[in-house]
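Starting off, we have a lone chain in the form predicted alone, written out as structure tokens.
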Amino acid sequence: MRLKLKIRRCDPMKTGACSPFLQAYDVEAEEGMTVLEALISIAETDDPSLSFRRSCRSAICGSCAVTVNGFPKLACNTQIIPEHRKRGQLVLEPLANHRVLKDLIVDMDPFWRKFEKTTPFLIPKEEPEGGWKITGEDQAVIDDSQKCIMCGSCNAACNTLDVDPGFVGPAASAKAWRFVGDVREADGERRLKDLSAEHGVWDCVRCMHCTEYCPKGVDPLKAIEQLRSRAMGAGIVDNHGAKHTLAMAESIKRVGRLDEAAMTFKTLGILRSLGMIPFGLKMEIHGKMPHPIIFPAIEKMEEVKKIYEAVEEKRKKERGGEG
């Protein structure tokens, strides 16, 4: 079966700047042939100037991650015939949200610097007498985050990184949870304070793309949610994300729905909220602004209160019946 494979290429060494263009190659595809095998075939028989990364060919090293038909994937475990049947084409591009060095090779330095900022190693507490006893439950808490092969697919799919390159990103967040969630970790609170600062985990917009396109089932979004929850549990709430969450919970508890006007003040503070007045007036004109004073509770509010009571009861049990 003969397929046409289009590859987005650029060679800054020739032009002085990366001016991308699509180049088409004919590939003799066989059942089971992967994207990586097709790339190697092209480089060996057709165009040795084509540049791409590869190493293990077993979906372990993460080197070969590229964009296949618009989505980040590992080239070594993506078969070209099913992919072509599904999309009607086969277009390969470098990972998004990364600077292109040449053809399908991207600059991974910013990716690794984000990892370095999370202190990617365990800072252990003093070992208890008799040694550590790690339970299955302890292990399960951080199991997913340990599967990361650091391919960069999640960062390539991240909507926040698309607009804010300074965002810590899903990959480094998942790695951070690996250590914050470890029962042996001694410096968890310091890590949580760092991750709650500007460009930290609260900047995630929860688009879920990181989890959807991770080839190893790491679930970075879940790690980000756990980091946020752990930070709030530690009293690290002096940031817009935590304030917004607290304001939302308070609004639901009070009236059973979102009081967005009140939430704006509680999230941004009075001075910064003044800048939202023109936006609020536009909402008022279109009938989208709730009355700032008269904001009735929903019907069957007692059911919402029962949910909060059940949550509080669960927390008491988790704390061993305290308070």
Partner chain sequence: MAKLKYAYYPGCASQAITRESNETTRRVARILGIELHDMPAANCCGAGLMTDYDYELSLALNARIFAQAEEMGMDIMTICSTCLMVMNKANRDLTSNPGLLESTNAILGEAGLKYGGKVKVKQLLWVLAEDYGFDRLKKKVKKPLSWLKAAPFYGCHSLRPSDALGFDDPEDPRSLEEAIGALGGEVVDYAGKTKCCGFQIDLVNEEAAVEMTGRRLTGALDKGADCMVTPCPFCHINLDNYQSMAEKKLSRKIDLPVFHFSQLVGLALGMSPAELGLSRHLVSPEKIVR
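Only the largest set of C-alpha atoms that superpose within 1.5 Å between the two forms is called the rigid core. Residue numbers count along the first chain shown, from 1. Every value quoted in this text rests on a predicted model; they were computed, and no experiment measured them.
In what follows, reference is made to the form predicted in complex with its partner chain, a form of this protein that is not presented.
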159, 241 and 268: each with a heavy atom within 4.5 Å of its partner chain in the model of the complex? yes
Among 43, 56, 274, 283, just one has a heavy atom within 4.5 Å of its partner chain in the model of the complex, namely 283
Counting any non-hydrogen atom inside 4.5 Å, which residue from 134, 105, 207, 186 sits next to its partner chain in the model of the complex? 207
Using the partner position in the model of the complex, report whether residue 18 sits within 4.5 Å of its partner chain, counting heavy atoms only. no
Can any non-hydrogen atom of residue 310 be found within 4.5 angstroms of its partner chain in the model of the complex? yes
Distance check, residue 10 to its partner chain in the model of the complex, heavy atom within 4.5 Å: no
Going by a heavy atom distance of 4.5 Å, is residue 14 a contact of its partner chain in the model of the complex? no
When its partner chain is placed as it is in the model of the complex, which of 177-185, 163-171, 124-132, 108-116 ends up with heavy atoms within 4.5 Å of it? 163-171
Going through 198-236 from first to last, which residues have a non-hydrogen atom within 4.5 Å of its partner chain in the model of the complex? 202, 203, 204, 205, 206, 207, 208, 209, 212, 213, 221, 222, 225, 228, 229, 232
Hey, does residue 24 budge by 2 Å or more at the Cα between this form and the one not shown once the core is superposed? no
Once everything's superposed on the core, is residue 255 shifted 2 Å or more at the Cα between this form and the one not shown? yes
